Every structure is written in C-alpha cells, then in structure tokens.
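In structure tokens, one chain follows: the form predicted on its own.
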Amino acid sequence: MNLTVALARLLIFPGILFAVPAAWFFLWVERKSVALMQERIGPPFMQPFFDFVKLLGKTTPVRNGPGGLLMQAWPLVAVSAAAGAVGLLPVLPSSGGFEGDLILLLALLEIPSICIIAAGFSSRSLFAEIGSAREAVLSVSYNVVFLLAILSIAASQHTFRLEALAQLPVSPLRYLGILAIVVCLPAKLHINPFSLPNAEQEIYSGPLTEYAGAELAMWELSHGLEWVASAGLVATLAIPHFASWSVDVLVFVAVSFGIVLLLSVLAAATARLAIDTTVRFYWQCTLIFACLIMVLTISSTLFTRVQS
C-alpha cells in the first residue's frame, strides 16, 4: 500500500470523512431502535451530533498532575485507534493493504477497551474503578472467543491480509466464525445484555463517571467509531467483493446497518446479566464455537496437505 492510498483510506473512505458521520448515524440507530422497542418516540435524527457539539461547548473539570494529563489522553488515543481500525477495512476492491494487517486491525480494536480500563483507574473514583474492573473481566472473557474466531478464519484461508480474506469465497467454516464474532460484539460495544461496565443503575457511568465536556464527547465519538469498525469487520468478512466499487460500498453500508439494527434490537429485548453469568456464558457456551472452529480449521488444513 502506497502513502496516497493509505491516507485516502484513513482520511476519506472508509476513514474519518465517512466514519464520523456513520458513527453518529449508528448511535442514532441504536437509540432509536431501543426507543421504538420500548414504545417511545426516541431521539431525532441529528441528536447524536447535537450531543457531541453540546459536550464540546461544556467546561471540562480542571485536573492537576499526571493523572489529569492521562485522563485527557485516554479518549484521544481511543478515538485515534478506532478511526485507524475503520481505515484498515478493505471495503473497495484492490484497496491495497499489507500482509498481516488483520493483526494490526485486531490490536486497534482492543485499544479503546484498554483505554476505558485505564481511564477508570486514572480517575480514582470508586464507581469508575468498579466499572474498569468489570470491563477488564469482560474483556478477558469475550476476547478468547473473539480473537480465536478471527484468527481461525484467517488460518483456514491461509492469509492474514484483510483484502485477501474479503476476496476469497465464503465457506461454512467462515460463517461459523462470523457467528462467534457477532455474539461477542454486544460485550465489546457495552450494550445489553453485557453492559456491565457502564451500568447506570449501579455505578452511574462506570469508567467514564468523572468525565465531562469535550473529553466525554471524544468518548462518545470513540464508541460510535467502534460501532462502525466492528460492524464493518463483520460485513467485510461476510460479503465478498463485487465487480463495481459502488455496489461494494452500498452492500458494505447495508450489511453494517443491518448488524447495528440487529444488535440494538437484541439490547432492547434483553436485560443486563450479572458478571458471573456473563463470564460463564463466554467461557462455557460461546467457547464451544471457537473450539469447533479451531478443530475444523486444523482438519481442513490437514486434508488439504494430504490431497496435495
């Protein structure tokens, strides 16, 4: 990938110029879907953007010392990582990329979660520290399945390059891995039934309790960009490329929208699970998907070698 293509993907499409409006749109879809499921009117279409602008205009609490600087840095790092993850998605055919960019994408997707954990402990708030501890436990629980599913898909296709994965035909094994990834997304995006880190009825806003103003606006933008990156990753793996770039873009947006809508409806239809139930779910139930994927991947690889 040359520098021009890399900058175009990061800054224009599917990068910042597309990802930021898409983040606000997906946040609106999430809130509107939950409202309709609960027989409420819900927010107007532009509400996430208005909330972002309103928060930018509010005063941020003055914090002295290294802890204050760290609290200012965490949301900026989270936004940068989420935007970088979106920029790596191979939406268009022949969009470049490099060998191993899937590993970089996975690392960038994990940085916002790490930043949330660090932000809660940096604030020295009891509620924020409880939320960060929950986020850490939840992250360890679902990441075993999430990472194994993606790496198994890549290993079964013998490539860790995103563009190559997007162009290869979709197999039943790949769909099984995609199903495991989708099951992990509610925990990754902090929505019901796995919204433990930010349980408002118990710990206010969890790790973000002490945040306000522009810093909180950056956290909201980071959450929206995580929606775009996570839904876009599933759309990239599930839908092969077509001959026309315009069709690729429309299908990418439509599938991403469908994933956001599906997860939002699931969040509205379920209640928050306790931390022990969540850990048990991922370690006992969903881990079966990852183990099955690994077994099938190894069997497929051995079968291919025997044939050759």
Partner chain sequence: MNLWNRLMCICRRRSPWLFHMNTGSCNGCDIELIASLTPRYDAEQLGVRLQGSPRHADVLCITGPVTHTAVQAIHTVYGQVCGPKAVVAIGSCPATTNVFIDSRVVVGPLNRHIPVDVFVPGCPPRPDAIVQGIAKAAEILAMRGDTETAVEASIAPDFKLETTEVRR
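Residue numbers count along the first chain shown, from 1. Bear in mind that the values here come from a model prediction, so they are computed numbers and not experimental data.
Just so it is clear, the following notes concern the form predicted in complex with its partner chain, a form of the same protein that is not shown.
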{"query": "Selected contact from Trp74, Tyr211, Phe146, Phe194, since only one has a non-hydrogen atom within 4.5 angstroms of its partner chain in the predicted complex", "finding": "Tyr211"}
{"query": "Partner-contacting position among Ala269, Leu56, Ile239, Val249 - heavy atom within 4.5 Å of its partner chain in the predicted complex", "finding": "Leu56"}
{"query": "Site check Phe160, Pro169 and Lys188: each within 4.5 Å of its partner chain in the predicted complex by heavy atom", "finding": "no"}
{"query": "Heavy atom of Glu220 within 4.5 Å of its partner chain in the predicted complex", "finding": "yes"}
{"query": "In the predicted complex, Pro61 touching its partner chain (heavy atom, 4.5 Å)", "finding": "yes"}
{"query": "Contact test in the predicted complex: Gln47 vs its partner chain, heavy atoms, 4.5 Å", "finding": "yes"}
{"query": "Its partner chain contact in the predicted complex: Asp276, any heavy atom under 4.5 Å", "finding": "no"}
{"query": "Contact stretch among 173-181, 150-158, 212-220, 111-119 - heavy atom within 4.5 Å of its partner chain in the predicted complex", "finding": "212-220"}
